[in-house]
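In the form predicted alone, a lone chain appears below as structure tokens.
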């Protein structure tokens, strides 16, 4: 396995590892360590299928049920399709494009769940020739850039994360889906259980700070988001078919960039691994 860092302490390109269900325990432990170190991993030229992706996902932990299908119908499926191509190969309508435009907001996958995601795994099958990139920022280095006074301010705070708050301005949320995802509380600063590194935990799903007024909450959350997503801190991934990208939802934010869905086809398949709340999300301070 060859590791090429993409920036100091954030992002790496990995070659020499095939992502499937046949990884040895040593390779799997090394991969977990690399995730803790770099947060964002790019594996080019992966010969992936849904079966291989699910088998690999299961090595890292429990697959996370895709929340839209589960919340709307009660059916458990572990895959989500990112893009405008349906499972039967046809192009989705404009309603899908409107819904998926919510992914263009900075967010951490499933921060609106009681137990948020550990990692997301996204594999590219079809990508547009223009647009459709994914941007990432490290919330660990963002925390490190705060002054000591700012760290002391945010360390004890808790935030309500709310899917309906973040997505209903983009597109209507099915009532059953909304009812399945009530607001949940998470610390504003999370701690990696292995490295003990701290990071901010915010994004578009972060609605309000416990104990703050709405105006006070938005002032602080919006200020932190602006500071942490400046252009100089963004890593942009330009997709190529065969790419598999893994990112650590505990300590990164990401967003998609726009593309002309009427002109280009885009089909990426995503799975997620359920996090481990105990030890990852600290108790009330």
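Positions refer to the first chain, counted from 1. Please read these numbers as outputs of a predicted model, since none were measured by experiment.
One more form of this protein, predicted in complex with N-oxalylglycine (OGA), exists but is not displayed; see below.
- At a distance of at most 4.5 angstroms from N-oxalylglycine (OGA) in the predicted bound form, all three residues 82, 256 and 266 contribute at least one non-hydrogen atom.
- By the criterion of a heavy atom within 4.5 Å, residue 133 is counted among the residues contacting N-oxalylglycine (OGA) in the predicted bound form.
- N-oxalylglycine (OGA) in the predicted bound form is not approached by residue 198, whose heavy atoms all lie more than 4.5 angstroms from it.
- Within 4.5 Å of some heavy atom of N-oxalylglycine (OGA) in the predicted bound form lies at least one heavy atom of residue 122.
- In the predicted bound form, N-oxalylglycine (OGA) sits beyond 4.5 Å of every heavy atom of residue 56.
- The single contact residue among 140, 186, 107, 113, judged by any heavy atom lying within 4.5 Å of N-oxalylglycine (OGA) in the predicted bound form, is 107.
- Think of it this way: in the predicted bound form, N-oxalylglycine (OGA) has a heavy atom of just one of 166, 192, 103, 117 within 4.5 Å, and the residue is 103.
- Note on the interface: of 246-254, 66-74, 45-53, 227-235, the segment with non-hydrogen atoms within 4.5 angstroms of N-oxalylglycine (OGA) in the predicted bound form is 246-254.
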